[in-house]
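First, one chain by itself in structure tokens, the form predicted alone.
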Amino acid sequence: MRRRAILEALLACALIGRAAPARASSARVLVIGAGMAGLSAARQLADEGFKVTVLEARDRIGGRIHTDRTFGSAVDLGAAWIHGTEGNPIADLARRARARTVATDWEAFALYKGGAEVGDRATAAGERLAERWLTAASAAAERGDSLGELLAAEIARTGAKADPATLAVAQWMVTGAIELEYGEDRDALAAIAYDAEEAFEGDDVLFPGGYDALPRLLAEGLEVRLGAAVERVVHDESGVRVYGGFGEMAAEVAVLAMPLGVLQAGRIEITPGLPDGHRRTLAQLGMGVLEKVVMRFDEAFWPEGLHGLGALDSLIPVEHYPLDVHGAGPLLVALVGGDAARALAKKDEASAVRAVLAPLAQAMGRELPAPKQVVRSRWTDDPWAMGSYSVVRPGGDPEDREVLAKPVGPRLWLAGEHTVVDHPATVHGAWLSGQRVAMKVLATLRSQ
């Protein structure tokens, strides 16, 4: 099963590149959603000469890639990193877009507790302890287990033996590996899904000029209709018809490239409905949430050269990322995950700022200045996202995502990170799903 998604996508590209499209001039494809999955499929099919129309409910492309320039610098409120650049198709896409990237130095983190910076010895010991906890929990995992239950047992067994500083670092490391990696509380995550994904080697890199350079590249020359919210999809063996405020559109085939949360919420009526296997899999998945509070200060209050700050006294899963190290000025991004992120989304701006700065002020042992300007993400309440990315609930299995890669009907497919087994919850997983669907669409159209 491992690597299957990427191998299928690479095979799709190879097949598409070798074969001439059949009846391309007469075939129309509708792609619903202009995120990376939808644009990936649309770009590939349009390059083969098919008539492709992308319908996007928002007033912008990119989906959960959303670059904000309120501060005069690019700040990504959604996806921010390419995770692993070696062999990653998104790294290749970034090079094609001539988008500058900068690596995050995960060693350049300053951890604070009780008014002082934690030393290297406690940091290293805490990292080793966290790794032992996570490895033991993962090894003991069975399908029905929650990650939180197994971790709690392991921490109770060994945590009391650690000194306070080491224990605080280990707990912070675990929070970063779970709540801030998956965007979900550990009790709501399937233990067997922890670290089950494939990963690319190489640096994790950010886009100082904005991640939106990539969807813009994919969308060049495509027919993309913004503000075109689809309300209903009707499909059968003869084709697909979609309905919305724009009226009715028909096509030979269609791709539903909306996030998992939108599917689960039933925002689009699908007739006939999803197959039983799809519905069962959807019930086993959930949407994790990462929210960002981006703050501009008159000047940086953190040490120069840092790539991150950790508040070990914090009761909520939060990390802080300075952007001045990448040339963006005195900007600080607070990243909050899981239920804390959902609660944060309900707060007004002043309360949200207090929520993310108070833990850091306590850990650093000093009063922090108030930001001069604030921008926040809103993925929790975004009607066209309903969260940040997919996770597996206790009782589910990450392998079950493969069911979602199967056709909904003879003329209808799903695409998105939630349909990928090896690379879920990533931009490259979304892109790979679009390539896979493009291959399936081509096979259908060429068989006519």
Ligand SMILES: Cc1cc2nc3c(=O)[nH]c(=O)nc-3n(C[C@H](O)[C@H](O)[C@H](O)COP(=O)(O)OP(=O)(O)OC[C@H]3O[C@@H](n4cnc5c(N)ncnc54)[C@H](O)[C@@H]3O)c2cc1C
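From 1 onward, residues are counted along the sequence shown. As the structure is a computational prediction, the values presented were derived from the model and not from experiment.
This next part talks about the form predicted in complex with the named molecule, which is not shown.
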In the predicted complex, does each residue in the set H83, V262 and T426 place a non-hydrogen atom within 4.5 angstroms of the named molecule?
yes
The named molecule in the predicted complex: contacting segment from 288-296, 101-109, 155-163, 183-191, heavy atom within 4.5 Å:
288-296
Classify G176 as contacting or not contacting the named molecule in the predicted complex by the rule of any non-hydrogen atom within 4.5 angstroms, answering yes or no.
no
Heavy atom of V437 within 4.5 Å of the named molecule in the predicted complex
no
Given that the named molecule is not shown alongside this chain, does A41 nevertheless sit within 4.5 Å of it in the predicted complex, heavy atom to heavy atom?
no
Although the partner isn't part of this model, could you tell me whether R411 comes within 4.5 Å of the named molecule in the predicted complex, counting any heavy atom of the residue?
no
So which of L77, A334, L360, A141 reaches within 4.5 angstroms of the named molecule in the predicted complex, heavy atom to heavy atom?
L77
Scan A57, A46, V421, A405 and let me know which has any heavy atom within 4.5 Å of the named molecule in the predicted complex.
A57
With the partner left out here, which residues of 358-391 have a non-hydrogen atom within 4.5 Å of the named molecule in the predicted complex?
W379, W384, S388, Y389
